[in-house]
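Given as structure tokens, the chain that follows is alone and in the form predicted on its own.
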């Protein structure tokens, strides 16, 4: 038997089983993107998606490829990442509570630090309820998918963040889009919906690509006229809009009209995590019904401790807010004087979008900037609308006047080198 099986003519067991059909390569849909990135890297430019911060020196400077570089693309709006009180709070919690919770918030993952952070949010926003998520993405994913389900409607701005779209899809609600920042179009679409249907309108205080601000007062008024609840994502506004830094909804005077406010710790707060605050009396049921909250590990205690310390300081950071607005107006005006086309006519936020004519010159200008020691974000479709390419600048309250002037000088040199400006 053994000899027979060893002969070349022996029948192998796998010959008796029909070969399964070869399935389509699941990575085939990415072939165009892979080829495009490969072609980009062949031009010997820095990889815009592969930047490594070898050493972070401050909220505004880091070592990238061995060179000291000004950071103008980090969302570190209020410069809290190196605040001594914030660092001390994180170090203390790390020693007292350890490196992580290894559990969900509804099981073993709620420590005193998590409750203290939610207390800080309630105080900061002067609201009754606060709920901390592990990321800002999960905050939108969880709130939208839990509040609006099958048979309900979620009405969103066409330029909404990916986390907002994903929250709609996870909840299986009907998605209704309106034109970006168009109050009349929002009202028209609300008017067409069944009057007795569940309706949630999701808005953003500041839109992250162009840095433009939503007309929240008019939009929230339209929502109230049609019986819709409102959720405002203040991720890019929390910290420096409004007297207390609560966001655009505070500056617009609609604090008592908005049902839910979502935000993130990864921008002005200077760490990682997300949250939602609300005055709705039934809010706490979401802790048991919201899947992206229930079925994920909670944040490490050191992280929420840094968030609490930062949030409590941001309420009194009026001087920082004033300096950030000064930086924004100076950079916006200076870039326009150089000849750049910008995403907004005036400085509306800490984000300034420098519009580019095409992909090649976007990449070339980005590369020329980083070669001179300036890091910004490069944005292109699908993160932006089709045919839209831009360099996104995110200012920090810790940028000095001298750094802003250096930024303008570098933009002038890079733009003339690549032919984007004359």
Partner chain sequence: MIDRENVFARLAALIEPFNRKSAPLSEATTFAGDLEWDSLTVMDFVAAVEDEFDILITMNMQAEIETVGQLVDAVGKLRSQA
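Positions refer to the first chain, counted from 1. Worth saying up front: this structure is predicted, and the values here are computed from it rather than measured. So that the term is clear: the rigid core is the largest set of C-alpha atoms that superpose within 1.5 Å between two forms.
Another form, the form predicted in complex with the partner chain, is not on view; read the next lines as being about it.
Trainee: Classify residue 282 as contacting or not contacting the partner chain in the predicted complex by the rule of any non-hydrogen atom within 4.5 angstroms, answering yes or no.
Mentor: No.
Trainee: Does residue 158 make contact with the partner chain in the predicted complex, using a 4.5 Å heavy atom cut-off?
Mentor: Yes, contact at 4.5 Å.
Trainee: Does the partner chain come within 4.5 Å of any heavy atom of residue 326 in the predicted complex?
Mentor: Judged by the heavy-atom cut-off of 4.5 Å, residue 326 is well away from the partner chain in the predicted complex.
Trainee: Against the partner chain in the predicted complex, would residue 287 count as a contact residue? Criterion: heavy atoms within 4.5 Å.
Mentor: The answer is no: residue 287 has no heavy atom within 4.5 Å of the partner chain.
Trainee: Checking a candidate spot here: are 174, 185 and 192 all in contact with the partner chain in the predicted complex (at least one heavy atom each within 4.5 Å)?
Mentor: Contact check passed for all of 174, 185 and 192.
Trainee: Name the stretch, out of 164-172, 242-250, 312-320, 206-214, where some heavy atom lies within 4.5 Å of the partner chain in the predicted complex.
Mentor: The contacting stretch here is 164-172.
Trainee: Tell me, which of 137, 153, 97, 82 has a heavy atom within 4.5 angstroms of the partner chain in the predicted complex?
Mentor: Only one option qualifies, and that one is 153.
Trainee: Considering non-hydrogen atoms and a 4.5 Å limit, which listed residue (225, 122, 179, 341) is close to the partner chain in the predicted complex?
Mentor: Comparing distances to the partner chain in the predicted complex, the residue within 4.5 Å is 179.
Trainee: Which residues within 379-406 place at least one heavy atom within 4.5 Å of the partner chain in the predicted complex?
Mentor: Residues within 4.5 Å: 386, 387.
Trainee: Core superposed first: is there a CA shift of 2 Å or greater at residue 386 between this form and the one not shown?
Mentor: Moves: yes, 2 Å or greater.
Trainee: Work out whether the Cα atoms of residue 179 and residue 386 come closer together or move farther apart in the predicted complex than they are in this form, the change being 3 angstroms or more.
Mentor: It is closer: the C-alpha separation of residue 179 and residue 386 falls by at least 3 Å in the predicted complex.
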